[in-house]
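Okay, here we've got a single chain as structure tokens, the form predicted alone, with questions on binding and movement later.
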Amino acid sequence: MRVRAQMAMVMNLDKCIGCSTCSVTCKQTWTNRDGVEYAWFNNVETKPGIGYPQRWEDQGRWKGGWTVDGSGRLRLRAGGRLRKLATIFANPDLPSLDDYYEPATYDFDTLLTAPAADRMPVARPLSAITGRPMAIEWGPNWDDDLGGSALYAATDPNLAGLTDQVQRSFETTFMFHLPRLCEHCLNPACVAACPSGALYKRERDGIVLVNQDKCRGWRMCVSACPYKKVYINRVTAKAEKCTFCFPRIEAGLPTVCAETCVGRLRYLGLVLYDLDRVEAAAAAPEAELVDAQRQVFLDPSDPAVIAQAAADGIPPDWLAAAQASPVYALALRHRVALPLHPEYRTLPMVWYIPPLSPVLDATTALGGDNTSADDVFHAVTELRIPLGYLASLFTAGDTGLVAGVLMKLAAVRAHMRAVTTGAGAPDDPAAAGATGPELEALYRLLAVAKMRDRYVVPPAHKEEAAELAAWASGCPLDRAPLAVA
């Protein structure tokens, strides 16, 4: 067992209102310079929808992430060293600017200098890249709130096999918001695909970064990332990506997107994992990927883990932070957070609590009693958001795992409603795999947690400053058993 620490995030999709405040603050902090006008390190997508860049989840087209060969070994879906060498100057799996969108500004001088006239002057859109007039036909949130659903939603890769079901009930259609950023994976395909070794994963906190001095602009990282969260600066021709706000993390502060989130849906914390289990978890059968990734994590209160963590150089205050981590509580203790597309086999470290539709209304519509736990749990399988759709996003198609999470979330609502109205506890909270006190603890974390409970970020140690800087010169995980192409 080799204990490592990883900064991770959980997002509660029940709370996301799609305001995109996180996107704007991230944009202003990290991508407000020439060359990355089209890049959004953090964006908010409406589901169903094709996302940004267009159809990023279609790995048959983009060939991102990992696959398992006939001998059970992990291979990059985009191919190994020979294919990289053959396509190094003309990458065929690279999204074009049209797949992202051509950023635009407006001819504001027309408004400022137009003479008096009977009609209002119009500021026409101009390309932020060429400066020429353009027609805006696509954008990073073009299908926001199902705005483009008539044209685009049906081509959402997650609707495969669900199209008829969704079309038949279009008058009661569903949607929810999905904030996305770099997953800072335990088994990052972008790091393995980079020919120059510019991308690296910091051993101390697991944040994936780009060494700008080493980057040669080969763009293999863009293709290899199945989440399409690596961008090429068109001015410098170098890769850029979400940094997980590492200067703030090192100071013990939350990321910008988390601190400015209006819905308070983001949780930040440290988790401990066993480096020796990473490769086996990434190569697990598809139906077992979620459980395999959970088994990579270690219990920070286990005496054996505590002893090994100390031997592996985990500071005592970081160990205490891991014990208080809301990410560990939501993903491992309460098991209500799920990884985004585990079938990509990168072991992502930004997890999501799936959205729970208005379950009490659904219970009543089905003729049930919305105060009865049994009736509420039955209604979970009949919610407006199909279980199959959520399963395609978070469990590699396993609807049972999603149903279990939604039932526990429904149990929290039923239990707290009974407790706060004085009606007593509901029939059987254990039916959702939790006791009454566990449901109340989950309620406090999801509904009324203070900032100190949502963001448990231990600061970096000053004595490690030189080591932190040295990590930029290479990948410290070269000695780790991460899969290679």
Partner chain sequence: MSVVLFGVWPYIALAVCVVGHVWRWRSDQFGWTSRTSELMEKRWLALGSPLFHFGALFVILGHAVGLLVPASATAALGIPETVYHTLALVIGLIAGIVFFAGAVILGLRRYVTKARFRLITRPADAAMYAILLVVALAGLSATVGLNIVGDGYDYRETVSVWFRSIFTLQPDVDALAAAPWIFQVHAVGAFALIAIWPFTRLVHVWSIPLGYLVRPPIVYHAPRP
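Residue numbers count along the first chain shown, from 1. It should be emphasised that the depicted structure is a prediction, and the values quoted were computed from it without experimental measurement.
Form predicted in complex with the partner chain: not shown, discussed below.
In the model of the complex, the partner chain sits beyond 4.5 Å of every heavy atom of Gly397. Put simply, Ala150 is far from the partner chain in the model of the complex: not one heavy atom of it is within 4.5 Å. Taking non-hydrogen atoms only, Leu82 approaches the partner chain to within 4.5 angstroms in the model of the complex. When contacts are judged by a 4.5 Å heavy atom cut-off, Ala414 does not count as touching the partner chain in the model of the complex.
Across the proposed site, Cys19, Val24 and Ala104 without exception lack any heavy atom within 4.5 Å of the partner chain in the model of the complex. Of the stretches 327-335, 387-395, 206-214, 402-410, only 206-214 has residues with a heavy atom within 4.5 Å of the partner chain in the model of the complex. Checking Trp318, Trp138, Phe297, Phe174 for any heavy atom within 4.5 Å of the partner chain in the model of the complex turns up a single hit: Trp318. For the candidate set Val290, Leu126, Leu253, Ile232, a heavy atom within 4.5 Å of the partner chain in the model of the complex is found for exactly one residue, namely Ile232.
Contacts with the partner chain in the model of the complex, taken as any heavy atom within 4.5 Å, map within 1-35 to Arg4 alone.
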